[in-house]
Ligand SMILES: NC(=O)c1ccc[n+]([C@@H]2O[C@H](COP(=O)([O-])OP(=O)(O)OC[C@H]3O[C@@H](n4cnc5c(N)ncnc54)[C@H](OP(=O)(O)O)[C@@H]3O)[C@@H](O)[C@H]2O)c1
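Just one chain is shown here, as structure tokens, and it is the form predicted alone.
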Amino acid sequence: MKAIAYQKFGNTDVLQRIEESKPSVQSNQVLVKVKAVSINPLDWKIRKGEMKLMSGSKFPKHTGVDFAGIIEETGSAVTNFKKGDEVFGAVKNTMKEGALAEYVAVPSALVWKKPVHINFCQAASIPVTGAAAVTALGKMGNINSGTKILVNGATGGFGMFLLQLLKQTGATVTAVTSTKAIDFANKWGANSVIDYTKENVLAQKNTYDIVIDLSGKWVMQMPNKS
């Protein structure tokens, strides 16, 4: 089968299309014919060597975590999936395995049935950023209609899911984004939107119960109150 791999750390020019054997399935795994893959910041950080303490420096390495596709084979212990099921999921070892291939073999616990109302590309965008958004929401504690939340970097992959989850809590959400993404922020559930290209959010006097910086650009700018 065809797969994407690389023999050294670097930019996208290190990626190569290679031929390798189709993976065989273990008893708890499913073999998925890949129809779509999404790429996250995690993928390029590994590829560029920014996470080599965790990924190691042995090559070749594969890339891509999220995928969507059709089950072609199931392991002997798998009872909740069958051949032909449309699914989405993530590879188990994000530092070594890769979804950018014609087939992936993964534990059935890391695969979910694809809703019929979304396509393979949409489904492949869910696992990493969707799980991160659910995790972040769980760490916020009790959120209700009286909670005021500010989300910076609200229209990236993470923010896309987080805004929709926050909307379901009834909280009042202010999204910080660029001019071109204002419509997305409104569509995904923001009660109000601040265009950072026109307003300095940190200079405003509004107060919030929770501030979430998904861009990572406020760390050095927040005032020290100690």
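Numbering starts at 1 and runs along the sequence shown. Since the structure is predicted, the reported quantities are computational estimates derived from the model, not experimental observations.
The next section is about a form of this same protein that is not shown, the form predicted together with the named molecule.
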| item | value |
| --- | --- |
| Answer range among 164-172, 177-185, 57-65, 25-33 for contact with the named molecule, defined in the predicted bound form as heavy atoms within 4.5 Å | 177-185 |
| 4.5 Å heavy atom contact, Pro115 and the named molecule in the predicted bound form | no |
| In the predicted bound form, Gly159 touching the named molecule (heavy atom, 4.5 Å) | yes |
| Close approach of Pro41 to the named molecule in the predicted bound form, 4.5 Å, heavy atom | yes |
| In the predicted bound form, Gly153 touching the named molecule (heavy atom, 4.5 Å) | yes |
| 4.5 Å heavy atom contact with the named molecule in the predicted bound form for all of Thr129, Ala132 and Ser215 | yes |
| In the predicted bound form, residues of 182-210 near the named molecule [heavy atom within 4.5 Å] | Tyr196 |
